[in-house]
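So this one's two forms of a single chain, laid out as structure tokens and tagged structure 1 and structure 2.
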Structure 1
């Protein structure tokens, strides 16, 4: 059976951002469906089988959060993974988007490499299928309540898009959390939300691989430099 080309819906009122997203999606071999008005969203979803939605947070009229909540209220659409796209990387906006069901966050202006890596990962891993139901339930039940968990961890490794933590307890795949690790402050990077991608249990500890969401190209440059310094230190 021949698999049909997957459709990626992008909702953004900025024509330049739509054009950049279109080029990247086409280069990846997927089909871009572009709309500029949130009022066209439901009709577009009804006419097309959508695998992923890229949604601008800063839309005129209905905000991106309003549109996100509207999508999640429709049973036939609620499991479509949604990535938020915005020039505003304030942590409050990130937390709000994640709490209402967004699976990732991309900072404008769109960096083609970051955009492609995130889209490819989400399309391949089929996020809704592996998402833990109890996490969704707890977010809905808690509403605006923020819960703080104290988990002590050692940084095992770090790369451009993620890091590995060494902890003494298991963390569920799909859990999204913020860390108060001093490393990000030292690198002058805003604390990014971390999402658990895998958790491997050993006898006395767990290795937890986390993706870092919402990093800009300037953040990635700082991480690349940090990794270069670590490698040069180990070689000496």
Structure 2
């Protein structure tokens, strides 16, 4: 059976970001469909089989969150994974995008490597619908009950795109939660949303690898400096 090339829809009012997204999507071997106005969205979804939507959060008029809610209300489109794209990594925006059903978050300016790795992972992961609902349930539950994972999770290592936690119990892959680990408040980084990517048994612990979403360039700089400091401390 010949598999058709997957279409990735990008909605962004910024021409520069659309062009950049187009180039990266082409390199991934997918077909980019680019639109600048949210008013063109429904017609584009009706005319094309879309595998994933990349949606700008900060648009004039209809915001990305409004568009996200609109898509999630339509039964035939609600299962299309949506990745939010924004230059504003305010954690409140990240929280609300995720609580309304976005699966991930990319901070502008688009870094080809980060964009490619996130989109590829989402396109290749064929999460069954049941599991998708289960993840949504977990997100809602976490939002309602404010589960404090830092009570039992220790930070094992931290990089620019993710961190590893040492936890006494396993965490489900796909679970998204907000960390209020002291490290983030010390570095003045507002609770970044973390998504469990893998969970491996290590001695009596589980090593849980999480990707961090919605970090701004200045947050990344702080983490880089923090890591450099750790490395220099270890060396001395």
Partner chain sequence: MNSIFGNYKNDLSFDQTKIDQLIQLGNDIKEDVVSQLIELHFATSEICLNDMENELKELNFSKIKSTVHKLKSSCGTLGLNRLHSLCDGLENYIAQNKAQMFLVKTYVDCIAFEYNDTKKYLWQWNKIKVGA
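Positions refer to the first chain, counted from 1. Everything numeric in this text was worked out from a predicted model, so none of it was measured. Superpose the two forms; the largest set of C-alphas matching within 1.5 Å is the rigid core.
Of the two forms shown, structure 1 is the one predicted alone, while structure 2 is not. Once you line up the core between structures 1 and 2, the Cα of residue 216 ends up 2 Å or more from where it was.
After superposing the rigid core, the C-alpha of residue 189 moves by 2 Å or more between structures 1 and 2. After superposing the rigid core, the Cα of residue 70 is displaced by less than 2 Å between structures 1 and 2. In the core-superposed comparison between structures 1 and 2, the CA atom of residue 203 travels 9.7 Å.
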